[in-house]
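One chain comes next, on its own, written out as structure tokens in the form predicted on its own.
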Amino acid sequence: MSLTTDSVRVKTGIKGLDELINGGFPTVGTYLVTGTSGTGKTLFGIEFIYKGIMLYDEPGIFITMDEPPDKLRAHVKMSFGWNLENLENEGKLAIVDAISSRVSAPSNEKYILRRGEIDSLLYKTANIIGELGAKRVVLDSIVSLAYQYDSIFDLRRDIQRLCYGISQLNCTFLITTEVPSGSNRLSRFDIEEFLVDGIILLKLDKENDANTRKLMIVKMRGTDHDMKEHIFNITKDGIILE
């Protein structure tokens, strides 16, 4: 396997993770963060964006399909002290409201996805990338978008188009998905894992009557990577791997 040099790595900023993938994600790829409910997928995505801005001066876009933006901002500020609104005002972060129109709710957000189709999502994302000079894009989560499809073949085609389209905009793309509790699957629809360049699995294991969070890098194209399970904690500073 050929290795990607550190000069073209995209550092996640998540403590303990970059060392497991030779310094960060190979650049301009699509990466899947998957796991059951409560494992920290949304936090992983927002931390990837936040640390990208704060540590590496890389503007980012967070497309929220499940949680209203104001609730997301409040939760992140309360739990970690990260002021997303300041970054938005500085033109370093765009939070795209992709939930309000889907549930027929009003929205005062600057960035709103009026229609849920892949073409609309790509068009909106491309415009914001041009506006911000964004280098990181997170979609949280693909599940809400995918439930609009009746055909698994159409879904696979459009997810592939989405991944390709974002990569052509010179951005690193992170997608979250979910797996049913108690399942050994890697995704909700059993297709997401085949369309991405890397997979990070988050788990919540019960050990000695206590829940333990674990992370495993299942797949990472273009680089050597660790394949062991690593315990991680969610702290006031975000995710920290032991």
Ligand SMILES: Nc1ncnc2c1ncn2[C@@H]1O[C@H](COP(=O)(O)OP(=O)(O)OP(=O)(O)O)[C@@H](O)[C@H]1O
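Keep in mind the model is a prediction, meaning the values are calculated, not measured. Numbers for residues come from their place in the sequence shown, where the first is 1.
Keep in mind that the form predicted in complex with this ligand is missing from the display, and what follows is about it.
Peer 1: Which among 53-61, 37-45, 22-30, 185-193 is in contact with this ligand in the predicted complex, heavy atoms within 4.5 angstroms?
Peer 2: That would be 37-45.
Peer 1: Indicate whether this ligand has at least one heavy atom within 4.5 Å of a heavy atom of V218 in the predicted complex.
Peer 2: Judged by the heavy-atom cut-off of 4.5 Å, V218 is well away from this ligand in the predicted complex.
Peer 1: At the 4.5 Å heavy atom threshold, is I234 in contact with this ligand in the predicted complex?
Peer 2: Output for I234 is yes: heavy atoms within 4.5 Å of this ligand.
Peer 1: Does any heavy atom of F80 come within 4.5 Å of a heavy atom of this ligand in the predicted complex?
Peer 2: Residue-level check for F80: yes, a contact with this ligand.
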